[in-house]
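Only one chain is shown below, in structure tokens, and it's the form predicted alone.
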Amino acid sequence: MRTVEKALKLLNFFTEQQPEHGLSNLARLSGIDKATVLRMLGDMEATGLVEQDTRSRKWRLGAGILRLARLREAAFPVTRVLTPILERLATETGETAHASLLSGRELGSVAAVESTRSNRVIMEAGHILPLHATASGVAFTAFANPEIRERALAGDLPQVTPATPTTRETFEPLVREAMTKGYALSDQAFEAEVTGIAAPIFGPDGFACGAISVATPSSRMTADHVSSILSALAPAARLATLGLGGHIPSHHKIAA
């Protein structure tokens, strides 16, 4: 892996649940020696991507991230487009709705609206969604550029839960099914007791660039609930695609 890619992948270890990391922990998580990690952090600190707390000596995301995010949103609005769509989807389904876009070789959560129910799925900001372990990932892979799809199918498929597909032989049938139905359903493959239903968001080239999904506690996922979610998800996915300047291929239909 190239040095720049290694350095930037360190940023993925910062999450809402763990916004700060010590040097030793980042080295452990990344599998890179401490001296190299420290050098990478120093380089990113110089550009504002990370910063170090002077008292705890822990590292966190820097203000440079906010600047870049604002520039990206101003030039290519995403949050402003997707949030109203997700708000309506969450209201219509009574469940948590979220959208993700391709970020490197995985999907990154870019917007979410949580259900108002006490028993609900909570979406962490900036969550990374593995392609093989989530409904969003399967839906994206099914309609992605063939080169991206093949790379996902042939790549490393780490186990997240007992239900996670970990081989091409178990992952590819899910992708093929999504291609036929127009959407993907993933039951507890990424998180126990959570079921997701997702449809692709298409880019200008007619290939998937992300996904829009509804996540619900598995205990509520009945056949009738699946049907009602799909009736709301289909128009939401269409609006998300068109709102982001994408093109929906004529062959894509969501079969409820």
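We number the residues from 1 along the sequence you see. Predicted, not measured: the structure shown is a model, and the values here were computed from it.
From this point on, the text means the form predicted together with the DNA, which you will not see here.
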Triplet T3, T36 and W59 all within 4.5 Å of the DNA in the predicted bound form via a heavy atom: yes
Taking heavy atoms and a 4.5 Å cut-off, does A189 contact the DNA in the predicted bound form? no
Do Q18 and the DNA share at least one heavy atom pair within 4.5 Å in the predicted bound form? no
Does any heavy atom of G22 come within 4.5 Å of a heavy atom of the DNA in the predicted bound form? yes
Are any of the heavy atoms in I32 no more than 4.5 Å from a heavy atom of the DNA in the predicted bound form? yes
Using a 4.5 Å heavy atom cut-off, which stretch among 222-230, 51-59, 194-202, 208-216 contacts the DNA in the predicted bound form? 51-59
Neighbours of the DNA in the predicted bound form among 225-247 [non-hydrogen atom within 4.5 angstroms]: none
